[in-house]
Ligand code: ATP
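As a starting point, one isolated chain is supplied in structure tokens, in the form predicted alone.
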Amino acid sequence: MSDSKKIAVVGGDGIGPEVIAEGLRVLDALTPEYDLEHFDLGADRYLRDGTTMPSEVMERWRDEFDAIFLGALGDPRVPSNVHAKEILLGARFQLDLYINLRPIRLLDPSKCPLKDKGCEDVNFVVFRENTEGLYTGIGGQFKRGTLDEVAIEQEMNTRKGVERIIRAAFEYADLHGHTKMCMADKANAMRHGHDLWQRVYKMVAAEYPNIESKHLYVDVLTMEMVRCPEQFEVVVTNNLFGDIVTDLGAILQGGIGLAGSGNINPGTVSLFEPVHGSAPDIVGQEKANPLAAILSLGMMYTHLGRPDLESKISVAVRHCLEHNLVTPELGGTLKTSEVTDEVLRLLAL
């Protein structure tokens, strides 16, 4: 049913290779015709020969591949995390993956920390701007290490960058039949960059009269996500705020071990990854939760034109959660590979 696609695979650090391997078991079951190429990138490679992100690899990803499936990055042996920054942020910036897409979707009410909230209450998506804001590294330090040290971190917002993420969020809402949009900023304190967000948001919202658009300051957004998450359908915000509110959202949906993500430039190679971190303390113990990697694989399928496969994966993961067929951090007793066994069994039904 599906055309062959070429997928770049990076296991990463810590439990990254473990959960990516489980995701690939699912990929092989659903689309064995996909062509995979593994890339030796991460802390081990950096410690071995100093390699972080070769320019020729980035060029190949851009020119030859349909998607990138990436494990967690981060290793205590590399305190600066220079390899992680150059691989992940390098891909975001150099491949212009301007959409960080984070579904906040509760699949099992028993996993939600909020009282009396069900799956219909925690079901929205966050569009986080992924290439600008405070994560561009613009700034510097003066008189470092002295009592007079000055450290400056600058936030960059461009009209192009702000408009395209806001427009992408509205297009997504319109395509999927959503009727509510919320933009979060801090324009009351950050009057220059976030005034740009305000003006562009109002301009684009006017083109979608069928979608109810509202604005919340980001501190209010976090409170409202806890108090009344059911009011949200699509949220759009900047890089820093999106980083924070999506991790709050991950807890609402049952934990960071269930949080998949996409780093997307529509129509081009895009990157999909679980966001739970490398967890070096449980490496090799079969305790790592593979479900975020498997859900990220589902997002990759939708990007590649197979939303039917993402739906099948979601149904299987929901069943595992409802029947406690999960790893210990979610209250289950299964090992990493055993969780995937259950997912594969359900996919085969």
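Values in this document were obtained by computation on a predicted structure and should not be read as measured data. Counting begins at 1, following the sequence as shown.
The same protein has a further form, the form predicted in complex with this ligand, not shown here; the description that follows concerns it.
> In the predicted bound form, which of 306-314, 58-66, 287-295, 40-48 comes within 4.5 Å of this ligand (heavy atoms)?
Among the listed stretches, the partner-contacting one is 287-295.
> Wondering, does residue 109 line up within 4.5 Å of this ligand in the predicted bound form on heavy atoms?
Taking the distances in the predicted bound form, the answer for residue 109 is no, it never comes within 4.5 Å of this ligand.
> Can residue 341 be called a contact residue for this ligand in the predicted bound form at 4.5 Å between heavy atoms?
No, residue 341 sits far enough from this ligand in the predicted bound form that none of its heavy atoms falls within 4.5 Å.
> Is there a heavy atom of residue 276 lying 4.5 Å or less from a heavy atom of this ligand in the predicted bound form?
So residue 276 counts as contacting this ligand.
> In the predicted bound form, does residue 256 come within 4.5 Å of this ligand, counting heavy atoms only?
Residue-level check for residue 256: yes, a contact with this ligand.
> Can you pick the one in 101, 73, 166, 182 that has a heavy atom within 4.5 Å of this ligand in the predicted bound form?
When this ligand is considered in the predicted bound form, the option within 4.5 Å is 73.
> From first to last in sequence, which residues of 322-338 have any non-hydrogen atom within 4.5 angstroms of this ligand in the predicted bound form?
Result: 329 alone.
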